[in-house]
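Two forms, one protein chain; structure tokens for each follow separately as structure 1 and structure 2.
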Structure 1
């Protein structure tokens, strides 16, 4: 069977058309590369080179070497933004992973496939909302006298029910981080659910025969076997949280007070758009880009060595 296939293929390669293949291939890839060359590579290179210049966006840029990086590292604003994003990651990553995992577990345990299907559909329903809408609805929730206040006073926390959540320097950052309760992300949920489906049913049967409780099974079987999924979501969460911009831009614009909800990408945005400091802005983007890249590589390395225990395909 294999022999005629191989020989036919060789014949095809030797015919003159094999020569033509080479040139027409470039025609096939040309449009794609024309677009990404002009509108992806070029701006990326411009960002990386612009990081070493001082430029107001209009007159000629001039080379300043490392001055933008020095300025960023001495800037209290940028420093504050880095602290905020570290807090955000420390709280936001568990919030992004744990509830989605638990819901995926609960759905997967249901004996009825039909029920599984409907719950899954129901939980991913919020993807139809444009991101801006999701954020602005929470803006209403946080307003004085809004849902959050009403709920808190109904529960007896009248002291907290008076707070202007987004307008108070002490609560604004926390309000942004905890937005989206109960934090079940459609994408994370589907990744964990697909991961559970990929585990061989014999393993679950064996666990049941051994008399595993559901808690033991989650701890000893599911979590170790879903390490690949967790690693993926962890990497994506670090990248996602590292470049948070829209939430503070729409809800607080970095305030209230001095930079209480500033994030690094919002800082980068404001330096360019509000203050015309394009070189400095690109310098900040440069720092952030390499920081995220290094974090991603560390993440992948660390988890590769640790995930050598039973992994799934």
Structure 2
């Protein structure tokens, strides 16, 4: 009687040549584990220990227990930064997902494959521009007399064209959030486009036979079948917005004023770099880590996907 496949594999692994190959595989993957441990896990563990100490980066650290966490929760500046990032998430996540989804739909519906390729390339090309350069470009856009003021004046909104976008406490945070118009992210676009390509053509044919309009097809076929992609992008968006640092650092440095555009990561950065409170900064870092981890777990557990069947028309 022929042996089961699993049994034959187990016997093969017992041969000297198979055992040598197995050992070689572990040896090849060992450097990757070493680099990940040294460059990722060790700093995280070091920061966790440092979160319970008072350390200025030079002298010996002193154990302070939960004092750093208590100080963070009692800090008005840190509290304001949390409010700002929640506002940023409430506005920025839809801005990052909806336009990218709509453009992916438009490109996918083009009848020519060549046209799909070139339009897709057109929207992806901006990723070659370094992120810092893009931020500085928008900084000049927002300057008095910049392109934003010029466009508003041309459209007849002269009152708004006179606003100091980054210098006014009422407009600075909104200016940072709405930066990046038309808000089409190359990564989000590709994820949605790949998801649309993965939907069986028979489903689209059935929707056409049932008389679905383009809007009904998007709402009852495409969106339900792209929930897995939306879930992935939602998790990445929450993590990305929770880690926002460069935009407010380069454009406003948390101002105007004390904390008008402060974010939690910028607050953490300033405590370490500007005030030499590295222990306090590590405490803030782990507050953010646990907050983002909890949000991710909630999303993964309770945000259900329905990737098998579309909703009934």
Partner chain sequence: MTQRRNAATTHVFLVTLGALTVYPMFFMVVNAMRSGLATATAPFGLPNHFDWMNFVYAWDGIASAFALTGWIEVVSVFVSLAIAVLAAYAFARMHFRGKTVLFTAMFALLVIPGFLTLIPLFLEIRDFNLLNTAWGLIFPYIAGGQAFAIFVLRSFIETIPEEMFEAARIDGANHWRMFLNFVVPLSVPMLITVGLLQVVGIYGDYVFPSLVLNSTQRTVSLAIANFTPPALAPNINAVNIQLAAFTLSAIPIAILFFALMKYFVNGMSSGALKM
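So that the term is clear: the rigid core is the largest set of C-alpha atoms that superpose within 1.5 Å between two forms. Every value quoted in this text rests on a predicted model; they were computed, and no experiment measured them. Positions refer to the first chain, counted from 1.
K.L.:
Tell me which of the two structures is the form predicted together with its partner chain, please.
P.N.:
The form predicted together with its partner chain is the one given as structure 1; the other form is structure 2.
K.L.:
Under a superposition restricted to the rigid core, does residue 65 display a Cα displacement of 2 angstroms or more between the two structures?
P.N.:
The answer is no; the displacement is under 2 Å.
K.L.:
Inspect the rigid-core superposition and answer whether the C-alpha of residue 273 shifts by 2 angstroms or more between the two structures.
P.N.:
No, its C-alpha moves less than 2 Å.
K.L.:
When the rigid core is overlaid, by how much has the CA of residue 30 moved between the two structures, in Å to one decimal?
P.N.:
Its C-alpha moves by 3.8 Å once the cores are overlaid.
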